[in-house]
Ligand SMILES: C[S@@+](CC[C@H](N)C(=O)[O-])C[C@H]1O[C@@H](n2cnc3c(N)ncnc32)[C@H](O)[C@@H]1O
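A single chain comes next, written as structure tokens; it is the form predicted on its own.
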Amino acid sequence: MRYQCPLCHQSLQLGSQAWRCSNNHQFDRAKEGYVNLMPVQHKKSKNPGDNQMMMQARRQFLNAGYYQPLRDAVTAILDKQLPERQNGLSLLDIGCGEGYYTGFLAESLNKNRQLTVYGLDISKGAIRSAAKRYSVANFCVASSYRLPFGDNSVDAILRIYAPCEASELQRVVSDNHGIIVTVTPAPHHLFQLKELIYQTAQPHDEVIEAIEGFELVEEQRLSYPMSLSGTQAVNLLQMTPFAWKASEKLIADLAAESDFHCETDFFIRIYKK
């Protein structure tokens, strides 16, 4: 699988230090190894994606292992779904952030097959960090609504919360039994955190996403409790949309907690083309 030019959609070839298409559009390869495929005309802001504070909070929280059960569950599903002893397979992690899942998948899934793993995110800072940390995967700055990959070129896609255009998923996922694995919040996900923000907290909806061109073939539910220090509880808050509604007092009170109990609740769904 190769990158596709975001301007003219021709295949990109890697030269000494740049990706270039037949129309001579050029995208430099950063010293960390990633490529920025987000032209300025496709941006809605100067620095789209998570800011430095959000990235630092997510890094500290994920590195502490609180979402390791989710990482392991997703890895097991993809290991089962992807054919063994086959070369030339490709996996794309959409909205990969700093590569916590991407790097682990690249290391684990290549034990039984030859698989090239790509991570994509709109945040340049997150991708730079991912590329520095996980040399086993390929990273690019790009929009999930304009995937820089060719038609029918991706065997599997992982989407953990990441928004995306259904038509783009249909375009890039292989017609030969290509799959999408999605992770979305189940009803009680982070409900205790939600109760701090809203006077009347409501469970997440159980609506099953319909992805045009794909059939839902399997659903798993993963739930487990977490016991967090005040620092990690604030880190978790900063990873969520709830952070935009949190007052300074609420954040200070949460930071002062010695043992904050919070429940995870995920839906993991498998779609086949």
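Sequential numbering from 1, following the sequence displayed. None of these values were measured; they are calculated from a predicted model.
Beyond the structure shown, there is the form predicted together with this ligand, which is absent from this document and is the topic of what follows.
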Q. If you check in the predicted bound form, do Leu120, Ser123 and Ile160 all have a non-hydrogen atom within 4.5 Å of this ligand?
A. yes
Q: Name the residue from Ala243, Ala30, Leu62, Leu216 that puts a heavy atom within 4.5 Å of this ligand in the predicted bound form.
A: Leu62
**Q.** Sole residue of Ser153, Ser144, Thr184, Thr116 within 4.5 Å of this ligand in the predicted bound form, by heavy atom
**A.** Ser144
Q: Choose from 54 to 62, 244 to 252, 220 to 228, 204 to 212 the stretch whose residues reach within 4.5 Å of this ligand in the predicted bound form, heavy atoms counted.
A: 54 to 62
Q.
So, Val173 and this ligand: in the predicted bound form, are they within 4.5 Å at any heavy atom pair?
A. no
Q. How about Gly97: is it within 4.5 Å of this ligand in the predicted bound form, going by heavy atoms?
A. yes
Q. Does at least one non-hydrogen atom of Tyr134 fall within 4.5 angstroms of this ligand in the predicted bound form?
A. no
Q) Does Tyr101 reach this ligand in the predicted bound form, with heavy atoms at most 4.5 Å apart? A) yes
